[in-house]
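A single chain, nothing else alongside it, follows as structure tokens in the form predicted on its own.
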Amino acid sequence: MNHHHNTQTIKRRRFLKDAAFIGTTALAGTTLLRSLTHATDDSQSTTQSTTESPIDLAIIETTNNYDGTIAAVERLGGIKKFVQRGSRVGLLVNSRFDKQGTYVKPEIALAVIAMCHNAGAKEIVSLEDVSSSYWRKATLTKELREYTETLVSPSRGETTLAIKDGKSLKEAEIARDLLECDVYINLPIIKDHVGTQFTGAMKNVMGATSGSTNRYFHHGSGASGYYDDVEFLSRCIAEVNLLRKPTLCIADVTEVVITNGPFGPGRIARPRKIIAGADMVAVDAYGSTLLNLNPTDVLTIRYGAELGLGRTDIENLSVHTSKI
């Protein structure tokens, strides 16, 4: 056991030694993006995101999901604003579905992993184990393949915690790694959901809660069918997020199902947008508008705002939008 651990440690050290160079290569587009933004955006531009009033939400429209993800985080002030050197990062990627428009594009996740390494993260834990077939959906350079190989599986089991302000949900069993990591990054896909109408950052946390907790979400009110009590389910989804807010959310709204979600197959919309922000409710609220929904009509979003988890009044937030 120790031998395996030591091998992993040495491998990771050797990899991190090279990460300065690899990370710089991976992020080389950023400077170019900055100059492009200055050239093409109107005066709001990038300088505001780092020097003047902070940006609450960054929305990048792009056909390059890797560079677009980096650009979105840059607009928020850069990854080092969220990830400190030596920190342990928990990454929750919605990767479990296979149909078109149902999973986060792997290039988005890879960009986040590359940025975390570049910021000097000590370890990145994949909070819901991501299969190797998911990464094969992307074109992997040798460096990017090594990034995926350094991801750590959740190792600390699950723990049951009381939810002090829970109305529907009094306790939940959740991955201990999600609670104990220094930085928690939530990577949802914004899409249709046949039960809750909408799924995004708040619902993504069900990827890190136990099967029994998830069953309670669906049946805890006495409902027999999976979606017989959407109000109870939506409240449970909002309340479980009281256990820990994400440090950063990066939502995929590039190519998404707008019918027959979350599994698909369904009708596809292509907003080609990536949303980044620290406020999961605001990320979901903005994302819902891209599916032609009113945020306050979506129960998970409404309950999240009521619980103080974030804001739905996106018109009062500082929102940066640009196209790259």
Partner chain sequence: MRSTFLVIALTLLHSAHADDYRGCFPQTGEVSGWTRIDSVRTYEADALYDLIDGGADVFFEYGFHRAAAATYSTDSLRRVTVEVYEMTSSESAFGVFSMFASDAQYAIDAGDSAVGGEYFVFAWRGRFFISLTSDGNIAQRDSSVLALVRWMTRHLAGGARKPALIEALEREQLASHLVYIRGPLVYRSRSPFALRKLPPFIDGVIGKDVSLSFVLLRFKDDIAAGTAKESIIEQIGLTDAAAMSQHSRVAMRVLEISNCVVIIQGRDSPDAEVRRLTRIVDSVRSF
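Residue numbers count along the first chain shown, from 1. Fair warning: this is a prediction, and the values are worked out from it, not measured in the lab.
One more form of this protein should be noted, the form predicted together with its partner chain, which is absent from this view; the next part is about it.
Checking 296, 63, 289, 259 for any heavy atom within 4.5 Å of its partner chain in the model of the complex turns up a single hit: 259. Taken together, the three residues 100, 195 and 267 all come within 4.5 Å of its partner chain in the model of the complex, as judged by their closest heavy atom. Considering its partner chain in the model of the complex, the lone stretch of 147-155, 69-77, 243-251, 89-97 in range is 89-97 [heavy atom distance within 4.5 Å]. Put simply, residue 161 is far from its partner chain in the model of the complex: not one heavy atom of it is within 4.5 Å. Not displayed here, its partner chain is approached by residue 231 to within 4.5 Å at the level of heavy atoms in the model of the complex.
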